[in-house]
Every structure is written in C-alpha cells, then in structure tokens.
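Starting off, we have a lone chain in the form predicted alone, written out as structure tokens.
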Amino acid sequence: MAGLVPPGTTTIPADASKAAHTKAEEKTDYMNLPCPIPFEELHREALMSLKPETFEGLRFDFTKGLNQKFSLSHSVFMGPTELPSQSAETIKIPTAHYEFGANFIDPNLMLIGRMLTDGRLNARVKWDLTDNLSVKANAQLTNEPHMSHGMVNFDYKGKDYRSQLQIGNGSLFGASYIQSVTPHLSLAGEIFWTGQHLKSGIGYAARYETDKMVAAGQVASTGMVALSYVQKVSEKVSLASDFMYNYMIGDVTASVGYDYILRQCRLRGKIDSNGCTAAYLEERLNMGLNFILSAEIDHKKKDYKFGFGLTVG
C-alpha cells in the first residue's frame, strides 16, 4: 500500500480540513454587517433587570380593545408621592389619581395619549415615513409653570448604521450616530447643546453583543461614565451589572441584578452599592390578567416602598 502514495505527498487530516473550511465560512463580510440598535437603547438589557418600574401603593390598569388598532385604557393609583427635600429623610404625601388613555397602533403609525386628574397630559407619536426614516415625538403638558416639555426625534436606519436628530423645548438640540464595525461590535457618538442653560457636550459609546452576553460602555464630557454587562445564563435567566460614575462630582454607584422568567411569572431584582434593594414580580393569573408585586428597601434613607397591582387586558 505504501507504493500507492507518491513520494513527498502529505495527507491532510479530515479534522484539519474541516476546521479550515469552517474558518473560511466564518470570515467576516464587512459589506454585510447587521444594523445596530438605536443609540438610546445601548444599555436596554441591563435596564430591564436593574431598573424595574417599582412603585408604592395600589395600582390598577384596565385596557379594552375596541378593534384591532384602537384601544382605551383606565388606570387608578393610590399611594404616597415623594417631595423634593434637602434633608436625608424622605418626605411623602398621600395621593390618588385616575388616568384615562387612548391608543392607536398601526404598522406605520402609533398614537398614545394619557390624561390625568391632576391636569397632566402626556402624548407620544411614532410615524414611519419610509422603511428607513421615522419620526418620534413626545410631550407633557402640566398646570405648573416651566414644567411642560416636548421633544421630536428624527431616526434614520441604514444598512449597518443608525443616526438620530433631536429637537426639544428649551433650545435643546442633539445628534447621535451608531455604526456596526464587526458583526458583534458597534461604536457610537453623540453631541448635544442646550440653549436654555448654555451647555454643550459630546459623548462616545461602544457595545459588544453575542448570543450569551452584552457589554456596553458610555462616556460623556459632562462627567458621566456608564458601564453595563449582561450574562445570559439560559433562555430564562439573565444576570446583569452596571457601574455609574460622575467624575465631575465624584458620585459612584454600582449594582447587580437578575431577570428570571418562569412559565407563569417574571421576577426581576437588584441591589446597589448604596444598600438599596428592589424586586419586581409579574404573575400571570390568567389570559389577560396579571398580578404585580413591587418592593424597594433603602435602609440608608429609611425609605421603604411596597406596592401591589392588577393589570387587565
């Protein structure tokens, strides 16, 4: 059999040939990179675990769909409201309000409005002008002087990049751009200027994402440094951490949290370096019926918040 092999010929192992073929297939195509997420959603996975919408008191939400596109909502909230204070202790006053809402959701147009009994009016609009260009607007009108505000965003979605232009009241102007440089890495930058306070700033950001983890970092000339990391342990369990630092005032906060999705419920929680602990539970009792438990404990400020709610529709 040795005579059948010509002299000087070396056989290539099957495993080495397969590895070389796989490596060739994994070669990055820089002309076909994925489109990144919007700039304002750089830390969205971490925020889902570390920033649950905790509340204190009783909350009841009811949504009734009139047709496939239009629905009405009713919300009742009863609980204390915190007042701004210079002291370390938290000052609260008992409040209660009713909120009426109307929603119109279409593939290219979304209109959401909310009216509260205290006189506040909230409105949101999202309109897809083309497949690549969309307009977002949100506004809040109140009876209190200098507390109403509004903002309009123009978002353009390219093949492997996104850009955004922001215009708001108080002479607020901002622009951001995020670009995919590899299939997993995106780099971004932003600039903004506020004419009311005569302040301007520039920021840079990076985001790295795989099937198992997401890491993001952001730094701005205003002194803000934000880092976040999310590890996807399984399809139902995620662990998250973040680090916030403002080198202008020397404020540092770090937190760790979790997001656990069960068959009938979702549990999120976190604890930060200030000793504040929070947990948020959403339990599905039946189709269209959810029960909510919320808790937040801050021993340092002696602030304890517990709430429960029911969502129908």
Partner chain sequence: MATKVSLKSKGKGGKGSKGSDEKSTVQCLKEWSTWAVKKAKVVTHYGFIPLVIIIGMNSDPKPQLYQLLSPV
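Positions refer to the first chain, counted from 1. What you see is a predicted model; the values in this text were computed from it and never measured.
Omitted from view is the form predicted in complex with its partner chain, to which the following refers.
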{"item": "Partner contact for N143 in the predicted complex: its partner chain, 4.5 angstroms, heavy atom", "value": "yes"}
{"item": "Partner contact for N67 in the predicted complex: its partner chain, 4.5 angstroms, heavy atom", "value": "yes"}
{"item": "Contact test in the predicted complex: R114 vs its partner chain, heavy atoms, 4.5 Å", "value": "yes"}
{"item": "Partner proximity in the predicted complex: R124 to its partner chain, non-hydrogen atom cutoff 4.5 Å", "value": "yes"}
{"item": "Residues Y177, L187 and G223 all lining its partner chain in the predicted complex, heavy atom within 4.5 Å", "value": "no"}
{"item": "Residue stretch of 95-103, 156-164, 215-223, 200-208 approaching its partner chain in the predicted complex, non-hydrogen atom distance within 4.5 Å", "value": "95-103"}
{"item": "Listed residue that, although its partner chain is not shown, lies within 4.5 Å of it in the predicted complex (heavy atoms), from L72, V181, M151, V233", "value": "L72"}
